[in-house]
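Quick setup: one chain, the form predicted alone, written in structure tokens, and binding and motion questions come after.
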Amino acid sequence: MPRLQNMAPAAGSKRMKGTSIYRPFVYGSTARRFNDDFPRPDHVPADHTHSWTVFVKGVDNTDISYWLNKVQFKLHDSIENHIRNVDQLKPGETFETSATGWGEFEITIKFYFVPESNEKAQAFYHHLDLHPYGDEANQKQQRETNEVQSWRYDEMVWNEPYESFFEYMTTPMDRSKGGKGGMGKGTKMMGGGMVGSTGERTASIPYSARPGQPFSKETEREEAKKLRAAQEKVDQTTKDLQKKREGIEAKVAQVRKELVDQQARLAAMGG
């Protein structure tokens, strides 16, 4: 989870001690292999085996442009125009860029926040996956669809934000006719119909997953269930190993006792 470090306060603004705000987002890449059903375009070099897109977007395509002003993608330096800046999006649009190639590498993703935040840019990394990965079922699905999705859910956390930015992030948008947050120019209905899907400044995520939108509260519950099951398995394994260890220690103690007894008998016989 990216976390921002404190900067020197802006003039006339104060940090909110002991307070934090966060916003969820999704980032990752989608890759497709060139084949008969997905032919390589004529302008693409013959040794390029895949087409791929790296992106940053809101969960369920919710608007994140109210806090994220620009995204910089730093690709491998062998790629033409390998530092790419994406900005000036309409609400709900995706920060993304595409390319073709044959190899996997680390992509540096850098967030530039809206001026209201008074925060420095934040960078993190994403590994470009071109080939199927995961368990056998997941790999089979990726081969059948010819789509390798390497998507991640994360949350941007602002620790001790400036008072003005906190107010900006938590104040409902103006929905009046002609208002900045109204249903006028630059407003787009997002998929999923969740609260805030028209650009509301929300930290909510959808209740349930759907095709193309795997991250939701339902997903969180399933992941939490898996984690609990894994923890229970670890706990049981730990108990089994402890019991096995106690059994071995008991056997060692018994053998030692028998050796001491035997040495005592031999000593007595010798006397």
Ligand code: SLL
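Everything numeric here is computed off the predicted structure, so don't read it as measured data. We number the residues from 1 along the sequence you see.
Not on display, but discussed next: the form predicted together with the named molecule.
Although the partner is absent here, R40 lies well away from the named molecule in the predicted bound form, with no heavy atom inside 4.5 Å.
The shortest heavy atom separation between T171 and the named molecule in the predicted bound form exceeds 4.5 Å. Residue contact check for I79: one or more of its heavy atoms lie within 4.5 Å of the named molecule in the predicted bound form. Shown alone here, W151 lies farther than 4.5 Å from the named molecule in the predicted bound form, counting heavy atoms only. Here is the short version: of T100, Q142, S117, T97, the single residue with a heavy atom within 4.5 Å of the named molecule in the predicted bound form is T100.
Only one listed stretch (107-115, 71-79, 143-151, 162-170) carries heavy atoms within 4.5 Å of the named molecule in the predicted bound form, and that stretch is 71-79. Looking at 32-55, the one residue that comes within 4.5 Å of the named molecule in the predicted bound form, counting any heavy atom, is H48.
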